[in-house]
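The chain below stands alone and is given as structure tokens, in the form predicted alone.
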Amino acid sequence: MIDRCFYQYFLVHRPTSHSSSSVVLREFNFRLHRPLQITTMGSVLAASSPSPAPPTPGGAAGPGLTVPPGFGMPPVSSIIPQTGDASGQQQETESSLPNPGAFDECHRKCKEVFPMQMEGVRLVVNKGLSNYFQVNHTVLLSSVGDSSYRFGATYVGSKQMGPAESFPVMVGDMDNSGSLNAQIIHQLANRIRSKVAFQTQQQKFVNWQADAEFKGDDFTATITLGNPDVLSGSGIVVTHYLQSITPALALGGELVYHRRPAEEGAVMSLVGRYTGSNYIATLTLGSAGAHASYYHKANDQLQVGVEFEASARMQDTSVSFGYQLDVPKANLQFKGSVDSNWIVGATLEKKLLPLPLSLVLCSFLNHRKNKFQCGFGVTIG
């Protein structure tokens, strides 16, 4: 029988439109107070300081270890095989199937249109010390949880692997209680990328995980090892595989194996994703439940997404609708959502150009529980 710790991986894997703003992200829970999530290397963290080598931030944080506030996630380009000068090799490259990306990114586009919940007042100050190094300070004042201060740092190396990728990447942050989250991402070879992440809780080592991702011309394979303990014979192994069947259709699967003293178990799920000219439809089925999402880009200003989630363990289903409206001329972005549990949420982000300053307003209302939460954030740098 798979224990509760094992099933928490699938509960964290379920994207919700009203999760906290400290990301998501796609992943199971080993933590004591803050989760360390097992993910694959679908996204690469980079500093948001102006730099010719690393890209400027603009993407939302992905699944994985909790990203320090203020850090962005640039798009990770697929590895493009080199082509020769011969016409036969060029024709073969043009007719080959594209790389489908990482397994954990199948539902990412739909999740990005949903607002992220924030409560209290948050102040983030980013400071670029060089083209490769950045630090940030985050102060959170909350009336529901504990107020905290976090110091974070990001280093992006000079090994250029593409127009939007540089390695190695090292990201870490520590709060006022001494708890540390850190991860190191590196491109070992042209097609192999690795990540090592670890977490401490009040000066005590808690969790660690190691990922290895191999990108082929038309497939992506990933293996993740979480908290292995040879002496006690415990640990978790997660494998992902995603294959392009046609230029629009990709199929894959996930296998999670868990072992600890006196018990072990395995769970498998399958995924299918169809990508159109302006929409993406994805379906994930497994013994833990089902997750379906549909993303549609109506135009350059409006994007919408619909998610359906069913949990076999919790015996619960939910449907969520979200949208994102961009007004480039006003440097304004608005996100809204509503789900079948009668939770309505919205965020409004305004960039005060040419100042390096942005303001965020957030509000969520749970009609069933008659609970209201609101937040205000300021980001400098």
Partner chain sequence: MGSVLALSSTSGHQNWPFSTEPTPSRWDAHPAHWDSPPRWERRDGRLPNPGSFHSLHRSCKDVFPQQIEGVKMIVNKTLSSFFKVSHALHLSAVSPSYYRFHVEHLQSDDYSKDKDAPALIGEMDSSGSLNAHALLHLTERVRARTVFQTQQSQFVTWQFETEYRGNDFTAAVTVANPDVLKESVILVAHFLQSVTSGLVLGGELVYHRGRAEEGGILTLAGQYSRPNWVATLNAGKGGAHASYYHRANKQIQVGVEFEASTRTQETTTSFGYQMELPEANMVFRGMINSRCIIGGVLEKRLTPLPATLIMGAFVNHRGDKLQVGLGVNIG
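Quick caveat, the model's predicted, so the values are computed rather than measured. Positions refer to the first chain, counted from 1.
As for the form predicted in complex with the partner chain, it is not shown, yet the points below apply to it.
Visitor: Which residue, Gly101, Gly120, Gly128, Gly286, is the contact with the partner chain in the predicted complex, using a 4.5 Å heavy atom cutoff?
Guide: For this set of options, the contacting one is Gly120.
Visitor: Report the stretch among 297 to 305, 215 to 223, 142 to 150, 177 to 185 that approaches the partner chain in the predicted complex to within 4.5 Å, counting heavy atoms only.
Guide: Contact criterion met by 142 to 150 only.
Visitor: Quick one: does Gly381 come within 4.5 Å of the partner chain in the predicted complex, counting heavy atoms only?
Guide: Gly381 lies outside the contact set for the partner chain.
Visitor: With the partner left out of view, is Leu357 within 4.5 angstroms of the partner chain in the predicted complex by any non-hydrogen atom?
Guide: No, no contact at 4.5 Å.
Visitor: Can you name the residues of 364 to 381 that have a heavy atom within 4.5 Å of the partner chain in the predicted complex?
Guide: The stretch 364 to 381, when checked against the partner chain in the predicted complex, contributes Leu365, Phe372, Cys374, Gly375, Phe376 at the 4.5 Å heavy-atom cut-off.
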